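Presented as structure tokens, the chain that follows is alone, the form predicted on its own.
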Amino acid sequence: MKLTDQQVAHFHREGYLFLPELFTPAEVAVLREEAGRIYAEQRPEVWREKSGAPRTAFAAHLYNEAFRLLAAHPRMIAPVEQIFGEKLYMHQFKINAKSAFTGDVWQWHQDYGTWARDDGMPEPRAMNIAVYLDEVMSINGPLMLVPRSHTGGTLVATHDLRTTSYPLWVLDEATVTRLVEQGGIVTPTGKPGGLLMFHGNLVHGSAGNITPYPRKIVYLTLNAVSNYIRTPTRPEFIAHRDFTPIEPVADDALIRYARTYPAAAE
């Protein structure tokens, strides 16, 4: 797939781009089912809320076939290659959950702030590109983005080790207030299969989920090969050390896998 000139311009101006229902219901159904299986496992890659509910499953593309295909899917890879103008490698892969009733917050932050401080990434030439596995609504803890906040560079942040089960470099309230006064807040809501991409320095966060509606999103952190991390401090399943360029699979790879999936025969 190829982004239009208008889509590229929107990304550079606003810092994000949302493409609704880019993946089919059949593709999403397999990914959602496999995510549930992974969350049920007891393994170091699966991190949980303080309540015990799943929060993040790292590196699923290394131990699950459906997510391996997603990690190399051209609908995920091609837009970022187009923006960066070079080949990519997988810096991080995670499935984030906002469980019904118990999904916790993600504080206001910039992703590149963590990649730079914890992983030694030289420049913000990496970004998150996400696919929605559940419907993301205004009520179930959607991602909140501050448009155009990526233009301010990497901001001063503090390392929050207490608020949630996941350590994060977070922004203070005064900084967030100033940026929101300038750019506002948007919540890209959409049906399962929607795809969201946003700049590594775009300020974002999300509230807790106290509704009966879960919200799962798969994130690929795709980094330009020339921008590989220099001084990683986090486990390899969080910040990958394999800088091999990704070779995309066929566009119908997930569809073909879905046809072989046990649920497809029922």
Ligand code: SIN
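Computed from a predicted structure; not experimentally measured. Residues carry their position along the shown sequence, with the first being 1.
This next part talks about the form predicted together with succinic acid (SIN), which is not shown.
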{"property": "106, 93, 112, 169 - the one with a heavy atom within 4.5 Å of succinic acid (SIN) in the predicted bound form", "result": "106"}
{"property": "Candidate from 76, 133, 143, 146 lying within 4.5 Å of succinic acid (SIN) in the predicted bound form - any heavy atom", "result": "143"}
{"property": "Triplet 68, 237 and 240 all within 4.5 Å of succinic acid (SIN) in the predicted bound form via a heavy atom", "result": "no"}
{"property": "Options 76-84, 147-155, 94-102, 188-196; stretch whose heavy atom lies within 4.5 Å of succinic acid (SIN) in the predicted bound form", "result": "94-102"}
{"property": "Succinic acid (SIN) contact in the predicted bound form: residue 61, any heavy atom under 4.5 Å", "result": "no"}
{"property": "Residue 206 within 4.5 Å of succinic acid (SIN) in the predicted bound form, heavy atoms", "result": "yes"}
{"property": "Contact of residue 219 with succinic acid (SIN) in the predicted bound form (heavy atom, 4.5 Å)", "result": "yes"}
